[in-house]
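Same chain, two forms, each on its own as structure tokens: structure 1, then structure 2.
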Structure 1
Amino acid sequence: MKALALALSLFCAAAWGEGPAIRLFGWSDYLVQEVLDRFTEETGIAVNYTSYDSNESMYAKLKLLDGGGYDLAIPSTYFIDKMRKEGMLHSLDKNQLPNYKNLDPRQLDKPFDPGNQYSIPYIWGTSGIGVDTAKFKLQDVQAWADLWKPMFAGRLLLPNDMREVFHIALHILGFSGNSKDPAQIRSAYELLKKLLPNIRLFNSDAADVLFVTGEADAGVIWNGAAHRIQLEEPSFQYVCPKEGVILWMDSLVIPKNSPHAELAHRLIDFLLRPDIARLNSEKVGSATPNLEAIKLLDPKLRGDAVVYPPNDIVSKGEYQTDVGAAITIYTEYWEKLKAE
């Protein structure tokens, strides 16, 4: 009986650790286990990592839990905007984040979270056009509008992401990618309808694999995937379209009713440490907004214009913000487009 009790208590100690554990809710493959292990080693705080595959499912879960089930999440721009407006986020205490100063001021104070009251930039990048120059000439794809050329009939890869696809069409028409105007969204739909014959497939989760296996020859792609393809296919090129790229950023936030907000601050600060941010950025293959970490990067990666685009490209790009109830208009036209 005593032995049983002992075994039970040992089991409990193993299951719950000595102290509380941070519950982290993030994209799959977005945080390196090595980084989390080092955090646990240095602080004695365990981290339980649960992953999600879309902002939408992350939002639904946090909403239903009333922001109470997790201590840290990594939403994209427009969901930070939405969650912030709906009071789902914990406001951040910068005093608990001494490493905040390492962040590039150009990546702070964005329209989706003015003053970074609720979010800390984690990684960022662009969406542009990827093209296999063995199949198409580079000068044929310099702008988003070039994707409509008949030469691409049945060849294009597009993300299976409603906002992103409409963003491109709205951009070409000279509107904001965050338009809430039904007439503008409608004209974007009319334009996209003409793109349909060129589309071979919609896919968001394996763009790099599709290029490397020869299934896609041209299409819309994010720069992290483009960087990975280039390592395997030298003929692959990434183009930042003339009309301006789509900017994206994923940031760390603490849900409103997080049980361990203070510990979550400690983890955020740890992730902002230059050596840790560098490790994460190199493993994930995307740009870090951490200036001190960039200094530590391999010069080859730092100088790669695909991962770290020059200033003039970034300043012409646009982030996605929340469009409120207009999202139903987008969905309606998206479904029309696909049922065409």
Structure 2
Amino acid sequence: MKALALALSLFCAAAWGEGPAIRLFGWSDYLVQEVLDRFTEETGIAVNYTSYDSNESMYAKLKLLDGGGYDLAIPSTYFIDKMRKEGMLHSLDKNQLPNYKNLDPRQLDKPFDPGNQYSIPYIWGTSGIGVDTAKFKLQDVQAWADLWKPMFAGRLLLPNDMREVFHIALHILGFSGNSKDPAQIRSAYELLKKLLPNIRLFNSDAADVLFVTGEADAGVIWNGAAHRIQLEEPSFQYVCPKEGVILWMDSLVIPKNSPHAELAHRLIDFLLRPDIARLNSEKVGSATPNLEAIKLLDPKLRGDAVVYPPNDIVSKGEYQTDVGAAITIYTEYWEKLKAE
């Protein structure tokens, strides 16, 4: 009865804006409102969701706040690596996460966070090439290098993501996307300069809208966004380049000085519930690392190779990790590239 009374009082307080609230910092459209509303209904804990459009802006704000101000964030692979090395993250208490058991072991213990001491996989996927086959032939776009073809002049969308853009050029040159070699990074920059005439814009936010509205006809895209576009535009196709896809994973982390770390653990565990993880995956259109949730998915989504790529595609992919001091080299060339 005491637990019930506490839950009711928390819910009423949250409804009036007086109760506990979690401040969540994430990508836009990454958590559907229905999920957040259900969490509040079940726990009485409100969630205030603020979005960002790049890992860099997320990192800069959390750094400025010294790991405080927010209770939960959703960074990507190499930024998890960077933030944990810099002591910006709160270690996780797995005893507070009983639903952790639902996660696919293949999606755990990655190089950017060995043992998942600081991060919980939320969604994962690949970055590849999206192309409108009503305007370009699919057979002409099978490799990253094909984006340099003159036929794409002024029609490409690239993410506003330094590491992802350089990763592509490094792969074409036969190097790791995590290279720390100044000469290799410079070679990637020189190659990317040749791509500039084909680039219409750099944008990481709402890429699906830009393709559907015809702002771009081809370019680099995350597979989840590609899946959403295909639901509206059947002519849109997603290509896994022959040089290898970029693997990505966005994970839940608690900033070091989170005001409500215990409540953040409660939200993480809620998101690890199979029914909730299923709902998020279906709404966002990206793969869930939750094995029990996958069993609940619509068979059509579960069998979609764009969202859940086969093992041979995954095995050729590469995750991004922290490049340490070499990041200053990337940043210098990135700024020069965008100023050209």
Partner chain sequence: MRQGNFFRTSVILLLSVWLALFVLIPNLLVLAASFLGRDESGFINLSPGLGNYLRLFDSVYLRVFAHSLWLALLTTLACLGLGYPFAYFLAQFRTSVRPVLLTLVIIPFWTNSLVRTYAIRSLLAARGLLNNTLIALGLIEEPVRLLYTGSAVLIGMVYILLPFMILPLYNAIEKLDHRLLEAAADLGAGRWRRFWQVTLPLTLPGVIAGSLLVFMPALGLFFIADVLGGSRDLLVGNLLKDQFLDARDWPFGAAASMALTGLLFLFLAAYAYSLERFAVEDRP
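Think of the rigid core as the biggest set of C-alphas that the two forms share within 1.5 Å after superposition. Along the sequence of structure 1, residues get numbers from 1 upward. As the structure is a computational prediction, the values presented were derived from the model and not from experiment.
Matching each structure to its source, the form predicted alone turns out to be structure 2. Relative to the superposed rigid core, the position of the CA of Ile45 differs between structure 1 and structure 2 by 2 Å or more.
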